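In structure tokens, one chain follows: the form predicted on its own.
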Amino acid sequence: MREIQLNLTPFKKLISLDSVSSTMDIVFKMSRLGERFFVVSAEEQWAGKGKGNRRWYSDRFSLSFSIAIDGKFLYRQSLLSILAGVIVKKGIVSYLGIPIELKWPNDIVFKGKKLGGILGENWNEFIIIGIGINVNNLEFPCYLESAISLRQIQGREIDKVELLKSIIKEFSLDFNLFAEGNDILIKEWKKSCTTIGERVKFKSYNNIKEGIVTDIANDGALLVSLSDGRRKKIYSSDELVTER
């Protein structure tokens, strides 16, 4: 274990670990003991957490880390993953200049391929943000056929530590906007979101319906306009129907 002091208000320290079940697990345990505003990264996770009960694939070529925030600082908690997505995008763009896009609700994408993901957990007293990015991966398991890495995009090896610092720096610079759920970040998310303007199919009771994604609601839901003029709120990507 290596502990690095961070001079990036309000974040106090970075704990770098070798191999863990999940950085989310470590941050949760430390937060339960009263720790706040720290970052935990790991070279390798053997049980990385994805959305729902899904596993998140990560290895030594990936960047995996989690951030702990005091729960009272985030006022629009339902927008957690969306707000964090904008900050992560800014960190990647600042360091590498790559035109990253975002996909509702928590994907980081490049030209339609998945580059990473964000998982937010609200425990009232504290909030955890888990972030996974494909950095130096040259190949992926066959079930991740739509994945891509920063190295594949740039054609060179990327310094994971410097990338992490760039992202944490952006969290520090925009922390007040992030905590308030400021409309500036919401507008940036909308500009970056590939989902807005798409025609989507979704489950409605026992039927499959479709419409155009027109906006995001104040609670983070997708707003879909139907052909009959009605609007439908989509709260989870599990409601969407993916065509194969």
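As the structure is a prediction and not an experimental result, all values here were calculated from the model. We number the residues from 1 along the sequence you see.
One more form of this protein, predicted together with ligand BTN, exists but is not displayed; see below.
Figure note: of the listed segments 70-78, 145-153, 164-172, 115-123, the one touching ligand BTN in the predicted complex, with heavy atoms no more than 4.5 Å away, is 115-123. This chain is drawn without ligand BTN; in the predicted complex, the residue among Phe28, Trp56, Phe202, Phe37 with a heavy atom within 4.5 Å of it is Trp56.
Looking at Phe178, you'd find every heavy atom of it more than 4.5 angstroms from ligand BTN in the predicted complex. Within 4.5 Å of some heavy atom of ligand BTN in the predicted complex lies at least one heavy atom of Gly132. Although the partner is absent here, Glu101 lies well away from ligand BTN in the predicted complex, with no heavy atom inside 4.5 Å. Although the partner is absent here, Val224 sits far enough away that none of its heavy atoms falls within 4.5 Å of ligand BTN in the predicted complex.
Residues of 20-44 lying near ligand BTN in the predicted complex, listed in sequence order, are Ser22, Thr23, Met24, the criterion being any heavy atom within 4.5 Å.
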